[in-house]
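Given next are two forms of a protein chain, the same chain in both, each as structure tokens and marked structure 1 or structure 2.
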Structure 1
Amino acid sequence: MLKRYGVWIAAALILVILPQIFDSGFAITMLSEMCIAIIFALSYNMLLGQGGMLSFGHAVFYGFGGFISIHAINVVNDGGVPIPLELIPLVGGLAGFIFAIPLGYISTKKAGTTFALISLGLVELVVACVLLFPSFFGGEEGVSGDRMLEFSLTGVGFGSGIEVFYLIAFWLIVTSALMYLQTQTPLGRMANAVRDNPERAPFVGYNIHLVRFFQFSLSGFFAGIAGGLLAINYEIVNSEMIGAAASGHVLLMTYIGGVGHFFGPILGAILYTFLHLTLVNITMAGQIYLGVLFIVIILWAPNGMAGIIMVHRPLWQAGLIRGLLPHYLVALAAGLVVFFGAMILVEINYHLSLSIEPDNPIRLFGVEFKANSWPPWIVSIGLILVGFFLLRPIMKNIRLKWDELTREMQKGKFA
């Protein structure tokens, strides 16, 4: 029992404790957005990780669930259907599911590049409808509402951020458990089979189009729940939720975390949301750093953060991981040298290009200097070159040490 449900119990306890430790308004908002991003990323992983369907329009169901949810809140406030706020995310999920049925039936007839292009056309079509149907989408301003409904299953008013966080955390546990259980069902297994070998899948009696269609529809359902939770959290929904940018964000989260493992999108959503919310308060070049992180992951860790963790699992179980730690620490130091050099270069360029008064000094790491002087350029380029020069032999030593520990682990297995 503990082995089977221990992870879920621990996750629930963490969600209960975290807002008690990080109790500032910004921290509660960040935690809430992280939870919503996890649901959204896991729903996207149902397409990409399980079904092998690269979609550029998954935010359509996320945004549509958000719009239906905010309209449902307004209907309840106007004396319409008495729906408690705790069930509003389910309304968004059903909206996403219903909207995914016709779109999924058409788009899942194709796979690969064709499916990706169809999804891209889909998101552009829906974005165009935002201005065509202002009564539903609210135009550029969006649709707002008041989440403090009279009807509540728990008696909570949901006026404070921490109350909303616990509602989001509840739905996070429920949806994550359901999406994990779905991976163990025949549909989840066949989605993996269709992803890996669509030519052989029909020979076991399954229609690959229907498998993709069911997987697509379910992912739309969970994306709609995430959209409904966002509508409750911010009490406003606009076109940004439904556009290509939101689809790009969830793609980055999933890839950074790793599509090959269930917990990969969870890690990616947490890291991406943290960086996205904090960098915007620190620098104007936040999107550049997120883009560089994505490129680094794709080039040197294509299986994402989860893949990095899982590839070290055998060495951890064999008790040999300590042999790599000193090498990793040295590599981290050299990587930070490259990062700091690149950061200085980016920041001085942004200051010169976008600052109102580029001749004013810039402050980085507690040091004040002028961006249009030559010393910062020399220091930044020098740090980049020195870091790359140090990384080459360090990475070679890591590969040699990895091979050595792998051979030692294999000897231990057959001893």
Structure 2
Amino acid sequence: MLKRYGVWIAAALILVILPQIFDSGFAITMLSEMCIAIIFALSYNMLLGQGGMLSFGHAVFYGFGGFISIHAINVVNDGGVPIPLELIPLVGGLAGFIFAIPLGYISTKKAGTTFALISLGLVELVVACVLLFPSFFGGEEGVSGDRMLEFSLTGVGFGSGIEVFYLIAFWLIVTSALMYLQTQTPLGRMANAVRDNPERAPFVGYNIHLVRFFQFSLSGFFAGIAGGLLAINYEIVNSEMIGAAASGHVLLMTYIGGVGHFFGPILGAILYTFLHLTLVNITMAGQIYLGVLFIVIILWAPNGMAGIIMVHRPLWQAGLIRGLLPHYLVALAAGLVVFFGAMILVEINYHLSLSIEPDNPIRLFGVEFKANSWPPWIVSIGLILVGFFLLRPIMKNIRLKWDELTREMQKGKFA
């Protein structure tokens, strides 16, 4: 019992406690955005991870859910239909679902690259429509509303950020539980089968188009809920939420987290949102760090962060992970040397090229120095080279140790 539900209870507890610790306005905004990103990324993984459908246009349903939700809020405020704010995300979800039905029916006829290209075309079409239909999408300014509705199930006013956060957290738990359960249903399983072997699936009596179509529509539903929550959080929805950039973000975060496991997108969404929101205030080079992280993951860890973690699971269960730990720490140290070297290099270059006063000294970790003098260049390039030459034998050692431990583990199994 505890084992089965332990994770969920722990997650709920964390969500309750976190905003009490980090209670600044920015922290609450970030936590809210993280939770929304998790729902959105999980819904995206229903396509990419479960169904093998690479979409460049998932934000269409997210954005559409957002627009319908903000319109719903405005209708309630104008005295139309009395919907409590707590249920507005459901309106967004239904909107995403209904919108996903026609688009999904068309695009899921194909798989693979054709599907990806159709999604690319559809998102451009929808974006073009946003500007053609300003009375619904609000043109460039978007649509805004006031979330402090008269109707409320809980009696909470939702004026402050923390109240909104708890609403988002509640929806996060509900939707992620539902999406997790969905992976266990016959539909979820068949989506995997259709992803892995689309030739064989029809022979066991399944219509692969329908399986993909159902999966797609459900994923649109959850994306719509995420969009509705975003509308509540920011009280404004505009075209940037529906466009290719938003679709790109969800693709990046899901992939960085790892598409092969249920918790992958969760990790990805947390990390990506954190970096996306904080880096911009620390350094001008935030984009480049994100880009490097993404490329590193693609080149060397195609299963993302979740993949890295899950590879270690057998060793962990066999109690052998301790043997790797010292090697990892050494590798981490060497990696940090490379990272710091590269970081100094990036920072001085950005400082020289894009900062407002390139001649002023630059501050890194409390150390102040001139970017256009030679020592930082030598230090950074030196660090990169030293770290790189340290890293190579260390990585080799790790590989040897890994093989050794794996052999040991297998021996243990047979013994």
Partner chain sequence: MKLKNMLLFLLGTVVCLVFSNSAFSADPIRIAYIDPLSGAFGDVGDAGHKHFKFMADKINSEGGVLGGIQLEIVPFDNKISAKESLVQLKHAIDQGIRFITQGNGSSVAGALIEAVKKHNKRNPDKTVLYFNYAAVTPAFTQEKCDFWHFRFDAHVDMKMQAITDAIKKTPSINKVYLIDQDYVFGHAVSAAAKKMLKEKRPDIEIVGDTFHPIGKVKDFSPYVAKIKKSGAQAVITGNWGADMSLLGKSVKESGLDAAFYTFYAGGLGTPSTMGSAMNGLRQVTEWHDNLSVEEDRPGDAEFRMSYNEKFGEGGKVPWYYGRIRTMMEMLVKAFNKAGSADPKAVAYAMEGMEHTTYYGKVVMGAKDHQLLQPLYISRFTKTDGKMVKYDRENTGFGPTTEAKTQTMDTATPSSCNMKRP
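Structure 1's sequence is the ruler for residue numbers, which start at 1. So that the term is clear: the rigid core is the largest set of C-alpha atoms that superpose within 1.5 Å between two forms. Every value quoted in this text rests on a predicted model; they were computed, and no experiment measured them.
The form predicted together with the partner chain corresponds to structure 2; structure 1 is the other form. We note a C-alpha movement of 2.3 Å at Ser380 between the two structures, with the rigid core held in register.
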